[in-house]
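Just the one chain here, the form predicted on its own, laid out as structure tokens.
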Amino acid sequence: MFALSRVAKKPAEIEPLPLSQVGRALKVTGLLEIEGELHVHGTVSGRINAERVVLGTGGCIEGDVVARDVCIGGRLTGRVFALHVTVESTADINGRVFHNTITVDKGARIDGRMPWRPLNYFETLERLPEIR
């Protein structure tokens, strides 16, 4: 899914991630495999695999997100599997957020669960759990 080797590096040694964007006028359907960082300002329907995902204020994701870091500022319907999650005050989440650490700003709307998971859960996450 994503390389946990970045955790061991010092901040000065970490190189910037390649950046990809889904603009406001764009709607993408399907599986997105990103080697780096993805900023979503438009709509994505499907699964996203990336190192880092930023969902902008006007953006929408309908599906699962698997990443090391996720920042949610827009509308998300689905599941998030990420070591570190930031939920901004403009976020509107309907689903589950599986995380190791999470920060939630005052004013965020969350309809769902945010279960904590240990680091080894993400290291062994090869296949997503089935929806119950």
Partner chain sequence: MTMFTRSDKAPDPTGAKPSTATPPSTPAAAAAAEPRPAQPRPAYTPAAQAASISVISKALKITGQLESTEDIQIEGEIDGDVRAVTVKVGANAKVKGTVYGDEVELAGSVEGKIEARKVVLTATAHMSGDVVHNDIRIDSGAYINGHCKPEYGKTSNNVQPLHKPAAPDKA
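Positions refer to the first chain, counted from 1. Quick caveat, the model's predicted, so the values are computed rather than measured.
Not pictured, yet referred to below: the form predicted together with its partner chain.
Proximity to its partner chain in the predicted bound form, taken as heavy atoms within 4.5 Å, picks out 37-45 from the listed stretches 63-71, 37-45, 79-87, 98-106. Residue contact with its partner chain in the predicted bound form: N94 places no heavy atom within 4.5 Å of it.
Its partner chain is not shown here, but in the predicted bound form it comes within 4.5 Å of a heavy atom of A25. For L32, a non-hydrogen atom is located within 4.5 Å of its partner chain in the predicted bound form, even though that partner is not displayed. Using a 4.5 Å cutoff between non-hydrogen atoms, L19 counts as a contact of its partner chain in the predicted bound form. In the predicted bound form, R75 is the single residue of 70-95 with at least one heavy atom within 4.5 Å of its partner chain.
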